[in-house]
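Shown below, as structure tokens, is a lone chain in the form predicted on its own; questions about how it binds or moves come after it.
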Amino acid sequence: MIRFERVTKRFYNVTALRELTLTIERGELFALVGPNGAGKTTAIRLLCGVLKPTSGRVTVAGMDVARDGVRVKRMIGYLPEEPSLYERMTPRQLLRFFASLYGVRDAEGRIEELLALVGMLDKADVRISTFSKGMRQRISIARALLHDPEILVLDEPTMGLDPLTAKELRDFVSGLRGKKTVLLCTHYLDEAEQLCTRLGILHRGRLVALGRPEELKAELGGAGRDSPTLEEVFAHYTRGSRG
């Protein structure tokens, strides 16, 4: 479904990604983890067509993102780390506006369905400016799902949320496994281990580890010692990182 084929991205004299090769299968819930500056956001922006690679290519369902950007974008729902919402609108007004942009059929029915799905039906006609961050995240997820995309990209979706709201959001994302292809970027290793079947560790623009959490732990553990934690695996592959 999603393929990064030896993708390199440079910004002047800074190389944000170095020959990233990665395949994410249809219906998979995949986590991309790494310290600040590892290249996670750059990878997301390349997938969403916001940036173009310096070399290599990114494909979605066989389509080159750089050449078929419009078609690919219709397949993707994106939740950025800091979602921007029109705060003077209510959730219903916001979703109606984006439904018109996407050309969503039966928009009113779809809006009702999504507001119920994210637990915000009772706040549908309240101004977004009054919402907490957790409530805004819920509306942002509804917006990302509005056009029923095949792929959902979530950049730090639980960052700054209280524990209860974060758990509810993780439960929601977990329920998407097998229904959507989900790419999750997160700093929280327990979140990646809990939600995702596979994860990739980025370090200084390179993919330094890839596999199921239990495989990565077993590979590092070796014979004759207790299995390391995912935190220890992460520290091993990103040794010397700051932030």
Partner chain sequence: MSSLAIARRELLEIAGNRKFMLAFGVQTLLLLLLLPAFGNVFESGNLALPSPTLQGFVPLGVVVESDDCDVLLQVLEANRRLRLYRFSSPPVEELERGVIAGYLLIPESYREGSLTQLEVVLVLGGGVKSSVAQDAVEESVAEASSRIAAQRRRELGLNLESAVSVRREFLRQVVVEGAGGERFSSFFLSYLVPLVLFFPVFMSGGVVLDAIAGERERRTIESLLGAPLSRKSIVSGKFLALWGFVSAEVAVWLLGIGVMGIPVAKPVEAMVLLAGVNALVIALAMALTLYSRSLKEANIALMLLYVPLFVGLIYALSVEFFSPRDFFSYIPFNLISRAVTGEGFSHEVLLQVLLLLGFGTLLCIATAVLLMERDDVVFGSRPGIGRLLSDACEALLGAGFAGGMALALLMSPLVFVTAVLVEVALALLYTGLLGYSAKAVYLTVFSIAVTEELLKLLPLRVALRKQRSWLTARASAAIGAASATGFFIMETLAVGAAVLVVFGIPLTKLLYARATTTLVMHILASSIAALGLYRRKKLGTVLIVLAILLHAVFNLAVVEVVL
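Residue numbers count along the first chain shown, from 1. Rigid core: the largest C-alpha set superposing within 1.5 Å between the two forms. Remember, predicted model here, so these are calculated numbers, not experimental data.
Same protein, other form: the form predicted in complex with its partner chain, not shown, and the subject of what follows.
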Revision key, fill the gap. Contact with its partner chain in the predicted bound form, heavy atom within 4.5 Å, among Leu207, Leu189, Cys48, Leu216 goes to Cys48
**Study point:** Of Ala116, Ala124, Ala107, Met89, the one that lies within 4.5 Å of its partner chain in the predicted bound form (heavy atoms)
**Key:** Met89
Review point. Okay, which stretch from 71-79, 169-177, 156-164, 108-116 lines its partner chain in the predicted bound form, with non-hydrogen atoms inside 4.5 Å?
Key: 71-79
**Study point:** is_contact(Arg212, its partner chain) in the predicted bound form, heavy atom dist at most 4.5 Å
**Key:** no
Exercise for review: Would you please decide whether Ser84 lies within 4.5 angstroms of its partner chain in the predicted bound form, comparing each non-hydrogen atom pair?
Suggested key: yes
Exercise for review: Check whether Lys52 has any heavy atom within 4.5 Å of a heavy atom of its partner chain in the predicted bound form, and answer yes or no.
Suggested key: yes
Review point. If you check in the predicted bound form, is Thr130 within 4.5 Å of its partner chain, heavy atoms only?
Key: no
Study note, to complete from the structure: In sequence order, the residues of 4-36 that place a heavy atom within 4.5 Å of its partner chain in the predicted bound form are Lys9, Phe11, Tyr12
**Study point:** Rigid-core frame, C-alpha of Thr23, shift of 2 angstroms or more between the shown form and the other one
**Key:** no
